[in-house]
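Okay, so we've got a single protein chain in two different forms coming up as structure tokens, structure 1 first and structure 2 after it.
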Structure 1
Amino acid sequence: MQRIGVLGGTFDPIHYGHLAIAAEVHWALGLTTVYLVPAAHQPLKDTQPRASAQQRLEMVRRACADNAALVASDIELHRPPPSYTVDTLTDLRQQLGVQAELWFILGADALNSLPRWHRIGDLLHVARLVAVKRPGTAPDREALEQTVPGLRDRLVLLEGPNLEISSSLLRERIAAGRPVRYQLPDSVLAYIQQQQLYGSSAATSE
């Protein structure tokens, strides 16, 4: 049986926190493949990604290149906006068939916004959720289960590697000229420098 994981995100840029939770869930749930899905620009949101959708996809591609279990997916970049997770998972469910297990992977910080997600009830029918703990966030499972009907049987919470890395901090560090090496793959860092993303200069070596 196919067991598929989907890790959605802005990936602005992708880092080892993302890759480590993908690896953890892959191992813990015995997944066949984990798709990493960069989100399109959201026209109605006031904070937009700094890198373009194509640049974020390229960074995700580079980050997944050395692991056959991790696959970069452009599924959200082909649909007209706004891009909702429930639509992505419904598309995937149609491609995979009813037999496949489908898991949406998220960090515990993202879990707290679950009650506000578009058509969360439908999402929980199409896929199960696996939330991985993240430093600085304490998910309140009890409270969430009371606010989101159907969540109780569809959510697995994992401890995870607890890496304290975030894209926003990496962007800040890059802009300030501080080193970010060892927090994201070298191939991603090389691309950031080549494209001069986040205020980096090609001269920055690490």
Structure 2
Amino acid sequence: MQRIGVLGGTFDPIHYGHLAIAAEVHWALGLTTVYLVPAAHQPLKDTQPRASAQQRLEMVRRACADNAALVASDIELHRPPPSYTVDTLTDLRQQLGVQAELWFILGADALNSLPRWHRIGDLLHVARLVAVKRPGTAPDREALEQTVPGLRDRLVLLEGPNLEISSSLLRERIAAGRPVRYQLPDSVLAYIQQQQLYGSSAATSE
């Protein structure tokens, strides 16, 4: 049976923090592949992405290009929004056409919002969850079990690589012409410059 990881997000832009989490979970759980899925629209986020869905997908493709274990997926971009995780995981299982154990990857800070997720009970039947912790965070598994019955047996907690990189801060730095190299892949930065995303210009090269 294949063990498949799924990491969703806005990826506006994707950066080394995202990639380090995907690589850590891939190694820790012995996964076959990790799919990185740009969201068309995240229901629990009020703000819209700055880059288009196709631009964010292209950035993810470039970021994954040198690692065969990481695969960019456009599965959410072919459905009308909003992007419900349970639908994405169900569609991905059907798309793979193989028997697979799915693991949905999220930050431990997102666990408290799980009761608000669309059909969270169904989601736990489709996939197991792996939550990546940050320093100083200690999710209360018993409290979470009270709000999301069945979560305790479907959840794995992992220590994360803890790269403190933020997409929103990267956008601000790019707009201000400040260096962002070594925080995201060079191929992604080149695409941002080419598309003049986030207020960038060809002169922003570091």
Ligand code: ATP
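Every residue number counts along structure 1's sequence, beginning with 1. Source: prediction; values computed, not measured. Take the two forms, superpose them, and find the largest set of C-alpha atoms that agree within 1.5 Å; that set is the rigid core.
Of the two forms I pasted, which one is the form predicted in complex with adenosine-5'-triphosphate: 1 or 2?
That would be structure 1, which is the form predicted in complex with adenosine-5'-triphosphate.
Return yes or no for Gly121: a CA shift of at least 2 Å between the two structures, with the rigid core superposed?
Moves: no, less than 2 Å.
Using the rigid core as the reference frame, would you say Ala110 shifts its C-alpha by 2 Å or more between the two structures?
After core superposition, the displacement of the Ala110 C-alpha between the two structures reaches the 2 Å mark, so yes.
C-alpha of Leu96 moved at least 2 Å between the two structures on rigid core
Yes, Leu96 moves 2 Å or more.
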